[in-house]
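The chain that follows stands alone, in the form predicted alone, written as structure tokens.
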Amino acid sequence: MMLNPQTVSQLRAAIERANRIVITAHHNPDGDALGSTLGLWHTLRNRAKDCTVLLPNGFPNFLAWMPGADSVVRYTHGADVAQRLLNEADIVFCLDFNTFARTEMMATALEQTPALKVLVDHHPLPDSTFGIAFSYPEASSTCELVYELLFALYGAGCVGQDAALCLYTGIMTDTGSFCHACNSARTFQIAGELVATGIRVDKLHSLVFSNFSINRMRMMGHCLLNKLVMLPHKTAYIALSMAEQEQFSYQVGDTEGLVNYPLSIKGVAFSALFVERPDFVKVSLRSRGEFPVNEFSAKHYNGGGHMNAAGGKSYRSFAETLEHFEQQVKELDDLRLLNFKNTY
């Protein structure tokens, strides 16, 4: 992708003037959100900028090894401190979300900060409330986009090894270990440049994907054995109640990636995961081929995302949510789904 040179120059000048910078991401940050914020944080700190990563809430334990993760400020651990950081900031980088609502309890504080708000994101249809925007849905991940932005700002070699670890993690997790959303040669070129800083890909992959608790593994087994439901129209879903989460001592991030497993079944092109929460049901949607789950999410769950990866919330009861989903699948007549074939 080619970033707008004038916008890059505008941001470079703003960073040079800034005394305090805050970097934030969406609620329930995943690998791309945490990786992009920390990757940017390391690089700006190396250029002697006063930076703080401020996130709405916590991140999964299997990402806690990332360099700088122990310095992250969480809004849920101190709203007053977070409010002060936002009020005193000259720039607030908004990474991996396209609307303030994605930060949930922190949204109002973000909207009211007088700081220059800089969007860096790969989700489609961003709000127009940002002072500077780098919105590129064609990017595999926000981490890829952050690398492109840093390269445009400061040239080759500006990303050190700690930042590279964080950015590579985000690209790896958001593409499912380079299995989707990465058909651009540039994605692999960037991955290669990050590896060239000296990071160990095998060790990094193990830290992210071979670092789960026994309870999470047992919960995954339970979901695949007892909770996987096959539907017509090349669709499958998994639903996890609060009682089941308690049974397996659920922790933040334990359902990460679970929605992808039904897509491993031959012929399945549409997968859903429903996780019951006290006030709503969290909905995650994935697809293969050309079926746009972001449109399905926007229509039924007030959500959004990418064509093959989206999410939202249902405010029906848990049982009603599943019943509604099954009914909507029965009525699907989208040829992009019905004609899906697993061919090259």
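Computed from a predicted model, the values in this text were never measured in an experiment. Numbers for residues come from their place in the sequence shown, where the first is 1.
Keep in mind that the form predicted in complex with guanosine-5'-monophosphate (5GP) is not shown, yet the notes after this line are about it.
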Exercise: K234 in contact with guanosine-5'-monophosphate (5GP) in the model of the complex, heavy atom 4.5 Å: no
Partner proximity in the model of the complex: R216 to guanosine-5'-monophosphate (5GP), non-hydrogen atom cutoff 4.5 Å: no
A309 within 4.5 Å of guanosine-5'-monophosphate (5GP) in the model of the complex, heavy atoms: yes
Partner proximity in the model of the complex: K282 to guanosine-5'-monophosphate (5GP), non-hydrogen atom cutoff 4.5 Å: yes
Segment that reaches guanosine-5'-monophosphate (5GP) in the model of the complex - one of 309-317, 65-73, 49-57, 33-41, heavy atoms within 4.5 Å: 309-317
In the model of the complex, residues of 115-131 near guanosine-5'-monophosphate (5GP) [heavy atom within 4.5 Å]: H123
